[in-house]
Structures are given as C-alpha cells and as structure tokens.
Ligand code: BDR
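For reference, the chain that follows is the form predicted on its own, supplied as structure tokens.
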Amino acid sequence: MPIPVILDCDPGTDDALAIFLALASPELSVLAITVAGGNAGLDHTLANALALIALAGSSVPVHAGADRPLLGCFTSEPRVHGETGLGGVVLPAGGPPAPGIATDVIRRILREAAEPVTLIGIGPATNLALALTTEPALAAKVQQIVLMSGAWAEGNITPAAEFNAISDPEALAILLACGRPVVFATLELTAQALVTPACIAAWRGLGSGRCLRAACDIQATVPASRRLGGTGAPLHDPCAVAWLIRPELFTFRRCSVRMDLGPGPSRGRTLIDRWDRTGEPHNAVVLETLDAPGFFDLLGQRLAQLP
C-alpha cells in the first residue's frame, strides 16, 4: 500500500524536483502539500507550489501556511533560488490554493487518518511544529517525520547552521521532542547528490515532457557550490522523498540530535551526536551515505513519467 504523506515545503528550486518526485511515485500517497515561506517569501513559494502541481496535472490540494518562523522572520536565499524561488524560470500560473490554513489542515488529516501519516518537511519546520504543538496528542498519528535539514559539521548559511534549520530552529526542536521518529537528510548526505551539467543533459535525453523540461531548466539555474568544489550543485530536498521510496539507496545511523537555540554564531546548529559521546537517548535517524547513481536514475525515470 502507498505510504500516506503530507509534504511540507517552501519551493525553492530543489523543492520543485522533490514535489515532482513525490507526485510521480506510486509508493507514496500525497494527501496534501503545505507551504511556508523560506527559500522565498510565502507569496512566491505558494504560487510556485500551485504552478508545479498544475504542471504535473495533479489534484493534490495545496494549502498556504506560515509566512514567518515561530520567532523573528524568514530570510530568503535569492543567491541560490532567485528572487521568486525557481531560479527565474517562469511556469504557467496554477489555480487558487485549497481552503484552510496549513496547520489546521495537517491537524485535520492526522485526526481523521485511518493509519499513521508520514510528514515530509523540506523547508522551515514551522507548519509541522505548529500543528503538533497546538494538538500534541496527534503525534500518535504520525508514522515518522522525514526532514531535509541540518548538518553534523559545517552549515551552508552560517558556519554552524543549515538553511532550513536556522530558518526556524525552535520549530525543529519541537519536532525532535514530539516523541515520533525523526529522519534527517543533512548537508553531508545531500552533498553526495551533486548535480552536474552532464547529469542535467542526461535527464534531458529521457523525454520531452513538460515537467521533465521544467525540472531541468530549474536545476540548470542553480549555481555550482563553491563549498563542494564548484563542479555542481547539491540536490537537497529530493533526498528526503527518495528515502521513503528507495531506502536501500541509503545508509543511516541512529543518533541523539538537539538544537542550539541560543543567540550568537552557533544558533540553528543541529548538534548530532553520531558517536554517542553524550549518552543521551537516540531521538533521530541520520542518513549518512547515498548511492548517487541509483538516486539520479530513480529521479530521472520518475521525472520522465510525468506529463
């Protein structure tokens, strides 16, 4: 049976490919897409999600969510995603968002679910945290929480912090404390999903569908990562989706993870105890290695199946 999931996102170039991968995968039943600000402002991320869903010919409902974190405000990342979130690629406008605020929708789906639901978070964790902190008993209806977030070493926004984690570290702390399994696809994992121009060219050769073309056009706008040697760009968010579809592509480690919530240069750091130095109970699974060729084959095949 397909895994019932709610996909919480902030599209975002890599979110776009993650959304396409989820929609193209019969292993998943996407119950809703909930949207926060993050990679761009909510006005852009919501419009992007609606456009991507329409391009894929999907009827999955898209709901607007948080336009700011639990504390402070979101800071967009136009250097990677462009001013509007999709690297300057213009897609046909989608329809209107579905009724209901993301947090209310997440709670309703969990409350009514006949079986536990997996939450996939590939943006700031605000919507998911608000849902679980305002009705904590619903955590019992969550199978697991799969996140693209964090790093055990160096960040990509500050020396300490990854973008999604520092965007709302309090929300991430709430998820880690909710009592349900949390899976992290960290920067160290997603660095292994390095998209090069040759990879994009190979995808383009798989077909002529509008979603495949849009995915390639969007990914081609992402600048090569200086942090990773300038040969390509890491494809972060689809890794979280791929874990549910093809877990055999990954190795993992059970760890204790907690958040640095203090002020100063370490704020937003995910303190990942990979070697049990603290003796704290394990509260997360950290994905460690990726079969990159298998991952890219999976993504290309699924993109080619879309309209």
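Sequential numbering from 1, following the sequence displayed. Quick caveat, the model's predicted, so the values are computed rather than measured.
What follows is about the form predicted in complex with beta-D-ribofuranose (BDR), which we do not show.
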property: Residue contact check: residue 219 to beta-D-ribofuranose (BDR) in the predicted bound form, 4.5 Å heavy atom; result: no
property: Touches beta-D-ribofuranose (BDR) in the predicted bound form: residue 168 (any heavy atom, 4.5 Å); result: no
property: Residue contact check: residue 127 to beta-D-ribofuranose (BDR) in the predicted bound form, 4.5 Å heavy atom; result: no
property: Contact of residue 39 with beta-D-ribofuranose (BDR) in the predicted bound form (heavy atom, 4.5 Å); result: yes
property: Candidate stretches 208-216, 148-156, 134-142, 170-178, one within 4.5 Å of beta-D-ribofuranose (BDR) in the predicted bound form by heavy atom; result: 148-156
property: Contact assignment for beta-D-ribofuranose (BDR) in the predicted bound form, among 187, 119, 106, 195, heavy atom within 4.5 Å; result: 187
property: Contact set, 237-276 vs beta-D-ribofuranose (BDR) in the predicted bound form - heavy atom within 4.5 angstroms; result: 237
